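Listed next as structure tokens: two forms of one protein chain, kept apart as structure 1 and structure 2.
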Structure 1
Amino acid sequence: MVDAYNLLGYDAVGVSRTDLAGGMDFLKQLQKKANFTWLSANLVDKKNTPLFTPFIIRKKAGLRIAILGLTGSGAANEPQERENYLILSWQDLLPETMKEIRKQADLVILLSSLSPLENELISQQFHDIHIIIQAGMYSHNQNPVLANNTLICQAEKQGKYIGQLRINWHKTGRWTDETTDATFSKKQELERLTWQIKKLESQGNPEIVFADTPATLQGYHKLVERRKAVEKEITDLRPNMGQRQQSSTFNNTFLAIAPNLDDDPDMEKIIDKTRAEINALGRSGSSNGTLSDYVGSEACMKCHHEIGERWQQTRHAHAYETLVRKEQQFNLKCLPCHVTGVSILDKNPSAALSLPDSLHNVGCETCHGPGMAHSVNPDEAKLHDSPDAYICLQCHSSEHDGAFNFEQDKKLVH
């Protein structure tokens, strides 16, 4: 992550509580590799000396911009003591810190891993903290919320989206609440409509893809018609916006990171190196156990030969080979979706390291259930006749397969 952030050219990052999982000594060593500033105003040693830089000032577009960091403690209003550091409550230090920042900055940004409630309290007490960027408090994108004179923002976790916040800032230090602007809700609706339309179009030409599902095709047409109407409504409202041009305003967009974008060569090297290290950890943890309830697809094919031959022509039958080819067959994040007998939802995914060759690849029992009892007494021990979408979506999630369509794609494996 540090190498990637260096490559992206970050100015600063806020130190969160989870960053301390490896201990302070480890984190301080890691900091030496960083070309950016690590920020925390309330993470201190036993002498109350900050362990990281409390804030920095950057000059951008004629503005003096302060970036401040606060580390969440996990318990509001209480100093949290660990082996060799303290996480102080923001109430104890923020008043003095802000006195210093006010003298130097026109715009103040807080990088916070505090709870949403604490961030809202900060917005009530410090009107000159203009933006709070929350760290991982929710699992979804959150449109900026103007609380008093503070924008509270957050993008979805795990790098699925980039939040692009465009600011027209005046040194008055006050925001104009765009939620009172008639165009604001229209713009939000336009973003939602565009996202829904692109989601449907990502599967191909809707006129062809949804030809057999007229209700879906009709819904697509209604979305397109509504988007045209909203675009016209926004255009009609624009002449009334001139009077707001001298106020501090913002506009936010969430940009979905498309999986089909070309990889940056330097970033790809960092990712490949990281995957190799993860794979090495998985390799060192492998064992020789087996799962007794599963028999493997070859045993199924003794009775279901024709079905087995069709399965062998599918990608499921070669799923494990894909990992081997990419040298990821020991990567516990990838492995459960490429084998039989271990689910991505299992609490012990390391069991996937110990599977016999017969359970490599996505076999019959992934969809129909363990086959040992059925192979012994097929009349008494029945299996699932046909899997439902829930089973498929464990691996074919939007994160891994944005174009997955259960009704269409299940025909590829039958």
Structure 2
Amino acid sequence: MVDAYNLLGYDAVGVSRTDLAGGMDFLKQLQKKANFTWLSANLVDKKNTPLFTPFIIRKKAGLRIAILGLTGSGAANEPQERENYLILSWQDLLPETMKEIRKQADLVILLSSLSPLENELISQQFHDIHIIIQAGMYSHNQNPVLANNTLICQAEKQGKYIGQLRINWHKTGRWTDETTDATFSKKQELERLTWQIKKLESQGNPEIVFADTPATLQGYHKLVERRKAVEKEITDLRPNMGQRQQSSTFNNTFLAIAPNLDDDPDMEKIIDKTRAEINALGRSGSSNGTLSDYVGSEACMKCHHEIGERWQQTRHAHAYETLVRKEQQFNLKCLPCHVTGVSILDKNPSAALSLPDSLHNVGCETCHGPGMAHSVNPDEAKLHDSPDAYICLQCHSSEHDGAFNFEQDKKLVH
């Protein structure tokens, strides 16, 4: 996503709670790769220093535009404390921050992952926050709503749409209430028409797709004609309105990122690279480590004596000897289930022939996973403390143990 935002030329991104799912350190690492600014005025460290930039000022089209970020805390009004950061409440810090911003900006945009209710409260208290771009709470496109003097906007999540807001900004810093605007109903009609047309076009070129159904094709042509007419009506109405009031106006569209749009070749490269990384992660997760990640049960027993003693009384601890007795210890059809590390051997069964003695028998790591790192640093590197049935079923298949019962049998392992 960071690569994609770089390519798209983003100016700023608001940090939301979802971005913190991987922890602050992870986010800070990602931030190093970004060519855009990460904004949050209320995400601070334990010394109350902001962890990201609170706001930026961009000069565009003769305007000084402030972009400010606020991170949603989950619960309103309460500072939220996490391991290495705090989310302050906007009530405490917005008055001060706005004092600073006001002096420097003509237009103020807030990127907010607070709840819709909190955004509305902000609009009541800060009439000079002109636009709030809201995130997270709704999963649909929301036409801009004018609350007091703040336009609250929201586009569908997961990048399914681009929300485009075109504004005609007037120095007074006041919005025209679009709902009393003569063009309002026309714009609604325009949106409906556009939706209907897109729907028909989404199946392919209508001239070809509907060649055999003339009624549909005719309907499509009517819609396109009507859209042209409505567009003209809106432009004809607009100048009058501009003269009527000395205030700012806006209109908006949602652009669907539909499958029939061509992919940008550079963006496709980023997506392919990401897919390859995900696949590689999946691959390394599915093989349960390499042989060098295993230490053998003896090492575990140094610290887990009692469990070790109990395990030694079980048949798991003698599974290899069973094969030796049957003189089958070099049979690759038998070995994988009578030694440790079955899931890696699954992919490379012949490795079972060259296992060290310490990995003979069904040892601790068969069920708890490779334990080299844990043996060296038990507090940091954790193991599965309660292995699932599916681990057992790799060996206790119906063919080899028709009577296997996980709930009962797991009590017998040590």
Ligand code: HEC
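Just so you know, these numbers come straight off a predicted model, no measurement behind them. Just so we're on the same page, residue numbers count up from 1 along structure 1's sequence. C-alpha atoms forming the largest set that superposes within 1.5 Å between two forms make up the rigid core.
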{"property": "Identity of the form predicted in complex with the ligand, given as 1 or 2", "result": "2"}
{"property": "Core-aligned CA displacement of K228 at least 2 Å between structure 1 and structure 2", "result": "yes"}
{"property": "K99: Cα shift of 2 Å or greater between structure 1 and structure 2 (core-aligned)", "result": "no"}
{"property": "Residue shift check between structure 1 and structure 2, rigid core fit, Q408 Cα at least 2 Å", "result": "yes"}
{"property": "Between structure 1 and structure 2, C-alpha offset at E201 (rigid core aligned, Å)", "result": "4.8"}
